[in-house]
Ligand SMILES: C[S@@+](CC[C@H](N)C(=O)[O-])C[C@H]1O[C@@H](n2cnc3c(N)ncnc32)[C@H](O)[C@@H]1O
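Only one chain is included here, represented as structure tokens and corresponding to the form predicted on its own.
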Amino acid sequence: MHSDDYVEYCRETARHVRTLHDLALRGRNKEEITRQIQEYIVEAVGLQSGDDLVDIGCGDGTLLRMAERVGTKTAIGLLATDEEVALLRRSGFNVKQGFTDQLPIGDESASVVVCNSVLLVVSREKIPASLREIYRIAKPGARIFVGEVPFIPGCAPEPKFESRRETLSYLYHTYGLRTWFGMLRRMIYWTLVGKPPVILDGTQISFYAQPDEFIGMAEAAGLQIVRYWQHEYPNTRNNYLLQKAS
């Protein structure tokens, strides 16, 4: 079986984390990469003492930790699953479970809203509602960073197979022995515990938009564009700095 469900992907990741940084979903060197990205975001939004921050898709909590050092008044993170929330709460973070189109945050609560590398896994039909929710929770004059929005489709998803044998054969010939053996171990475990064999690929891109289209969607939600620029890596994405009118 194969799942493109991002929520299930996050839930499964949370169940098997080795360190909290695994929640950042950044692959190798995730701690350093995450730190650099969040430092960049702090500078882009001009995060300062007295701000009320909401970080939608806060990952391993790196930005929340930086906000504490800056001296923000409040810093709340949102995650897709209760499993992720439980992990971060044990580390002392203020986090809630919520989705982009139904944010569990009060009206006009945030002077800074960050939503980085999140909308790309949200279905296109939920993007307008997600942007309206960002508008709703933002205070007048709020700075809003929406990052890593792809402007081209992602790679084609991995092929889906009817049997475990076909899956293992594909992994061996495509990725080599190590990946093959890793999947074999997972399949044996699934059999022993009676779980269905599901290959999770929840980070597959669901939403992408050229700048004019995305800016139009943001403006329709009431947000104003300040500037946008191409993300450094991967360079097939754009970052947007928006604001809510005072």
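Just count from 1 along the sequence shown to find any residue number. A quick note: this is a predicted structure, and the numbers were derived from the prediction, not measured.
Below, we refer to the form predicted together with this ligand, which is not included among the displayed structures.
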* Let me know the one among L131, V121, V95, V149 whose heavy atoms come within 4.5 Å of this ligand in the predicted complex, would you? => V121
* Structure fact -> Given 135 to 143, 67 to 75, 105 to 113, 80 to 88, the stretch touching this ligand in the predicted complex at heavy atoms within 4.5 Å is 80 to 88
* Asked: Is L223 one of the residues lying within 4.5 Å of this ligand in the predicted complex, judged by heavy atom distances?
  -> no
* Asked: Does Y6 reach this ligand in the predicted complex, with heavy atoms at most 4.5 Å apart?
  -> yes
* To do: Answer for F99 alone: is it within 4.5 Å of this ligand in the predicted complex, judged on heavy atom distances?
  => yes
* **this ligand contact in the predicted complex: T34, any heavy atom under 4.5 Å** => yes
* Structure fact -> In sequence order, the residues of 224 to 246 that place a heavy atom within 4.5 Å of this ligand in the predicted complex are none
